[in-house]
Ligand code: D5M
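Below, in structure tokens: the form predicted on its own, a single chain.
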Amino acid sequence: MLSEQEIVERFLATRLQVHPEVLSYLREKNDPSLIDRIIAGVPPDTLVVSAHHLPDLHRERDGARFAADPSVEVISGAKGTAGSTNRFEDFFQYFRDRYTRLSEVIRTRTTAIPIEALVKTTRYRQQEASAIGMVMDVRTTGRGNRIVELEDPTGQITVLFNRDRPVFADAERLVPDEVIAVRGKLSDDGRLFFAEQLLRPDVPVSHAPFPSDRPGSAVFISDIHVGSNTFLEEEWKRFAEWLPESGASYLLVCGDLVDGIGIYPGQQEELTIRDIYGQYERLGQLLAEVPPEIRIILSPGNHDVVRAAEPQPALPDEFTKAYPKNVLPVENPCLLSLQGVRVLMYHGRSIDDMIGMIPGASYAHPEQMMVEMLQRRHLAPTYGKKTPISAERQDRLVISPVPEILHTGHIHTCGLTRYRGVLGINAGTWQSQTAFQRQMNINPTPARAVLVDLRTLEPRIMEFLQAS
């Protein structure tokens, strides 16, 4: 049988990485020629060969689901794929995987020199050059300049962004652990790199989304918070009554399906359902009111009964076994294809971190944070803040491929954006303002849904809030 190392090396020889699910599939097939056929068939901008490149794998693994609804495909984040980690080597591989994939994207736009070669040779002194690295540390000097410690697999270099240069505006938005390229000149002693330009992986300017080639529409919501005393049940009923009229084939719910138990101090006093099983049972009753011809995709959030670390597993069977057959639990994040339209669902806990690090960011404008994610091609760029991350061998929070739609939630505020062809959606919440939000001066925009025509990718905000 082919070994894992043999398979991985054959893909790496063509600058491709391979998803663990595909790796297992190829080991079972034990056919070296199949690897060559796969490499020849993937699109030229592919970075990671995943299950959606192998239609046969999907049919063998989950034939019943796709036979029932061939228009829904889980590209990544299918139930049961979230791994676990408890080894130091996994942390190393996690960051190495992030650097490798994102640096390859940047290399299509600039010619970079390994940091070791840049620092240890004199040929690049006072000569314009570029380097790609991961931001290890970022700070502001007493004079207001920005200092960044940048590292690649070969070495580390100190980069200075002068506050009087145009590049400083981009440098102010730097966060730890993102992958960037810098262009500029080395000092005479080779210890300091003076940056004149900063490049991120970003969505290509030429990116063009692929709409569906047939009629269809999808509804996007998040943060239902069933079980909370601020859950808007009457508004939800109006929403459920509207759904049959919407003409939608899909309902995507992006996390925090229930309010949970023990999520924050004093939560018990704000619950109408004080049992976690009861909360999910009530959610199932609400979902049963959705027409059975509408496919419901459920991904979890930080209030749901799965691990906090991302990627989060799908809801366990013990909580969903009585749910309607049109319900499909997936992981967080999850990349779907709806009639060929790729939708990246991510609950959005990292938005808390980004708001704390990026000047001008606020909870009132989730659309800005979605743009920041797309520019970095990463859903949670900084490790070790409020967002717990499971350091698996592959960084599943890297945004690859570029989706047509990015769907987030978490901060309970509705926002839409269109960035380089990508439609960003945060639909808000189904929970009115909580005591914590009042203390933080956060004003939610509840009882909204976003209806998207999959042929035009045009969104429409629908409001169901009871007039006061």
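For every residue, the number given is its place in the sequence shown, counted from 1. Not measured: the values here are computed from a predicted model.
Keep in mind that the form predicted in complex with this ligand is not shown, yet the notes after this line are about it.
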Problem set entry | Which of 241-249, 177-185, 272-280, 295-303 lines the interface with this ligand in the predicted bound form (heavy atom within 4.5 Å) | 295-303
Problem set entry | 4.5 Å heavy atom contact with this ligand in the predicted bound form for all of 225, 256 and 410 | yes
Exercise. Just one of 139, 307, 191, 386 has a heavy atom within 4.5 Å of this ligand in the predicted bound form. Which one?
Worked result: 386
Exercise. Just one of 437, 417, 432, 46 has a heavy atom within 4.5 angstroms of this ligand in the predicted bound form, so which one?
Worked result: 437
Exercise. So in the predicted bound form, does residue 442 come within 4.5 Å of this ligand, heavy atom to heavy atom?
Worked result: yes
Exercise. With the partner left out of view, is residue 95 within 4.5 angstroms of this ligand in the predicted bound form by any non-hydrogen atom?
Worked result: no
Exercise. Are any of the heavy atoms in residue 99 no more than 4.5 Å from a heavy atom of this ligand in the predicted bound form?
Worked result: no
Exercise. Does this ligand come within 4.5 Å of any heavy atom of residue 352 in the predicted bound form?
Worked result: yes
